[in-house]
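The chain below stands alone, shown as structure tokens; this is the form predicted on its own.
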Amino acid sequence: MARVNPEFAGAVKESKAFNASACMNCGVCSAVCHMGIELLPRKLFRYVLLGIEEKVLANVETIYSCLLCKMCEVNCPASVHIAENVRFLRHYINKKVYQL
């Protein structure tokens, strides 16, 4: 069972750099991804919005596999800023996991 981390959820809300609440889970992002990354951003962004940090940290390799090409972002019908959200997650991981 996944546990909600209130500190993680709070950090996401305070940042204003992460915004995926408009995501409709339509799957266009996964369909157009050149890397074939099925997890990003649909499930991953849900984990973030729900504050389930352990699921996010379990997908560090996937987060860093994203090319930030914005193909998903350009095709997103909800205009979610996917690349910026991935950058936020990378920054968070660098501070939290790698303490950079």
Partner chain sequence: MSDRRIGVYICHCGGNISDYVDVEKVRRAVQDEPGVVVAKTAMFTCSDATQQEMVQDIEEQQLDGLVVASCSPKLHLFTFREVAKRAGLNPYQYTQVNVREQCSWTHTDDYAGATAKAIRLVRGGIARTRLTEPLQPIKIDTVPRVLVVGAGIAGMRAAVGLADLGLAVLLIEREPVVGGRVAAWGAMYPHGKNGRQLIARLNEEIKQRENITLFTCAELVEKSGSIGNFNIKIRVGGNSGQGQEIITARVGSIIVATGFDNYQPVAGEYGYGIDGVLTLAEYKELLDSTEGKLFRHGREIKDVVYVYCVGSRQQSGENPNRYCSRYCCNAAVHASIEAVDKNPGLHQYHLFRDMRTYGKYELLYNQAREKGAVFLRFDHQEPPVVEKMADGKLMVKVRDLLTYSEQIDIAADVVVLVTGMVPRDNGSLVDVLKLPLGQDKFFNEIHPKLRPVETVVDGVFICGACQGPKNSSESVASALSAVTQSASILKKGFVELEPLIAQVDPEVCRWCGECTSACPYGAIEQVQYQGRAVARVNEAVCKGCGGCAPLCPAGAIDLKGYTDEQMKSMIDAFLKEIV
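Just so we're clear, the structure is a prediction, and the values are computed from it rather than from any experiment. Residue numbers count along the first chain shown, from 1.
Omitted from view is the form predicted in complex with the partner chain, to which the following refers.
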In the model of the complex, does each residue in the set S21, L49 and K55 place a non-hydrogen atom within 4.5 angstroms of the partner chain?
yes
Please tell me whether any heavy atom belonging to N25 falls inside 4.5 Å of a heavy atom of the partner chain, as the geometry stands in the model of the complex.
yes
Just to confirm, A2 within 4.5 Å of the partner chain in the model of the complex by heavy atoms?
yes
Contact of C33 with the partner chain in the model of the complex (heavy atom, 4.5 Å)
no
Heavy atoms within 4.5 Å of the partner chain in the model of the complex: does K70 have any?
no
Counting only non-hydrogen atoms and a 4.5 Å cut-off, give the residues of 28 to 46 close to the partner chain in the model of the complex.
L40, R42, K43, R46
